[in-house]
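Alright, here's a single protein chain in two forms, structure 1 and structure 2, each given by itself as structure tokens.
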Structure 1
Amino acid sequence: MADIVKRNSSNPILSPGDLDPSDENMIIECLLNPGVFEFNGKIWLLVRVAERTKQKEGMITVPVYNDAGKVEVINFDLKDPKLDASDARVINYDSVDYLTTISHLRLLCSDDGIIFREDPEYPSLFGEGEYESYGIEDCRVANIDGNYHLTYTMVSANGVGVGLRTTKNWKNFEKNGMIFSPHNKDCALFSEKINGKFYALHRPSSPELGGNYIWIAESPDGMYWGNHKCIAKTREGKFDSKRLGAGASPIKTDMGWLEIYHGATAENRYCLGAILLDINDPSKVIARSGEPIMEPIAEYEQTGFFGNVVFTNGHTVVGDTVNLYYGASDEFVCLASLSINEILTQLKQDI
């Protein structure tokens, strides 16, 4: 069986029209890939809001943040032969890549985990400075001893790296800068220290030799990382043949640390799989899904801004149930539930 999740009947739980843009000149194109956490007795999403500037006829306009943190617009003529606009997510002009949208992170809270609303007391997070001039994306949230660690993708013309901000109250944030330099993303911290050390899953890309693989690193303080080890590679002919990356913080189970990750093919079909890591030494892989545990099969997962995508970087765990929040078609936020036991049972066949 290749899809063992139960999709929520309210899906999509958030669509672009549900929120107001950050500025009157912007349009929300996508709501996707939320980080998830519990705080003040509520469930919170840190949703990625991808916006684009209003388009002009015959042109493609892309937004970037300038040094003052304001959005600036760059226009390209659609007929210009130097322009490659074949990917909805990123265009290339004269060998330079530009994102078609710019993302910030917005906080929404809920009592039931299904209906979410903004709380004006909790401000959005925006890209700041030269390493976030194309925005910030896909934030994982790890609550480590009451200090929430936000690991997110920093995007700029310098490349794609992993940023860290920490907070205890979601109003004041400590900015810790870039913790994994380009090209790197999909960074999920373990929510507790193991043998006194912080652990992180991350995904560097090595296009010439190697590939887009999941690595693990350790740190004495959550800031400075070393002892990097590659723990999961792409597999030819499988759902994760082209790239793979960690989802949210691993879940502690009796059998080991359970990580739900995404894997994609060369055709950009994104599925989810599971990987089980040793409880005392998470650089040791115990088992990994042979088949995906979730595939893009619902209509809203197949059609949208970038179709055939299910992508997760946030969940809550209640007993045996994982409430998985995910981006569908890079356009909607959706919810599905899974049984931890069922994932582990399936993984036992893949040891």
Structure 2
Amino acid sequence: MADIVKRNSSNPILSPGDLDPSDENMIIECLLNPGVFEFNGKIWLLVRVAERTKQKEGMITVPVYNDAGKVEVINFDLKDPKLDASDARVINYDSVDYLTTISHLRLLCSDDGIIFREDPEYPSLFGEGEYESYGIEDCRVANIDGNYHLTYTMVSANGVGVGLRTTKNWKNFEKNGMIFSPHNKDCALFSEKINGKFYALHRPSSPELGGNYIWIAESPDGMYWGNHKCIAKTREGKFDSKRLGAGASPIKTDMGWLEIYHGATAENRYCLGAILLDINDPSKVIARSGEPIMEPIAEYEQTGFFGNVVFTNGHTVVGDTVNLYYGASDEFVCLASLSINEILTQLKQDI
């Protein structure tokens, strides 16, 4: 299966310069893969906005969120022997890691799905409390019975886990805390219950034994999860040879649940693939693409903050068409479309 998506001629549809920083002390570094949903007749993006602090001479400054969700800036003297600033992304001071950038989630809406704007009535979402002090990232949105479930990555010095917030109106949110403990991310809920149960794809990580694989779990209430099963592993020599993780909520089709996922090589080249799950028991894999359905071949996908990356966790579906919103080179938000039937036709050959 070759790259089968049709890229929108307006790409990138969002760039860092299109938005204002969240705070006067911050600078937007990049925009990343948004969660996507429909609400009040519009298409909405929940964009991950990564920011860094304005630096001071002779210092390195890092941002953290306090319990109220406000940015606090911590200053470190570059000459301090307790400071290890050898990594531009993560520094260490006195045995504690700090991120040099911090992410929040920005709401934008559109009438046509291409031109997006902020609506001041709908606030941005920021990290709050100890387990979100280094920000919140990579949100997936599932509309289950009229209640929007936001699963996202919680980042702190304690590790990386999956958080859950729910809302009906996008102005008031119920915070449900961490539902998958560290190290875990890439959590996508199914958009409907199956045999009375909630289902979720997620990715625990094991650096010493096992790997970065896609798992599935089930829940009676969407809060407490069990019966975890590993359903997709890395494959030597393939586009997903080093790690893989779920994209957005699986798409329900006549052949089963279709999940568009990301896979990466050891060289950190990120592509998209597809996996088909049984309609009644999604822990059973029916088929999986042997080759990527999307590769980083456009210039804006190859060159940016972190090049050779296409990464999605949000889409809309109109008939046979998936409108795929994705992050390109960890800097831009882009749009592409592809045919569900074309994916399924190819997957039949891979069964």
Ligand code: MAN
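In this text the structure is predicted, and so the values were computed from the model without any measurement. Note that the rigid core is defined as the largest set of C-alphas that superpose within 1.5 Å between two forms. Structure 1's sequence is the ruler for residue numbers, which start at 1.
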Open item on the list: Of the two forms I pasted, which one is the form predicted alone: 1 or 2?
Closed with: 2
- [ ] Single out the hinge among M178, R52, S191, L125, the place where one rigid part of the chain pivots against the other between structures 1 and 2.
- [x] R52
Open item on the list: Can you work out the angle, in degrees, by which the smaller rigid part turns relative to the larger one between structures 1 and 2?
Closed with: 21
Open item on the list: If the core is used for the superposition, what shift in Å does the C-alpha of V73 show between structures 1 and 2?
Closed with: 3.4
- [ ] Any chance you could measure the C-alpha shift of E57 between structures 1 and 2 with the core superposed, in Å?
- [x] 5.5
Task: For K82, CA displacement between structures 1 and 2 after the core is overlaid, in Å - done: 8.5
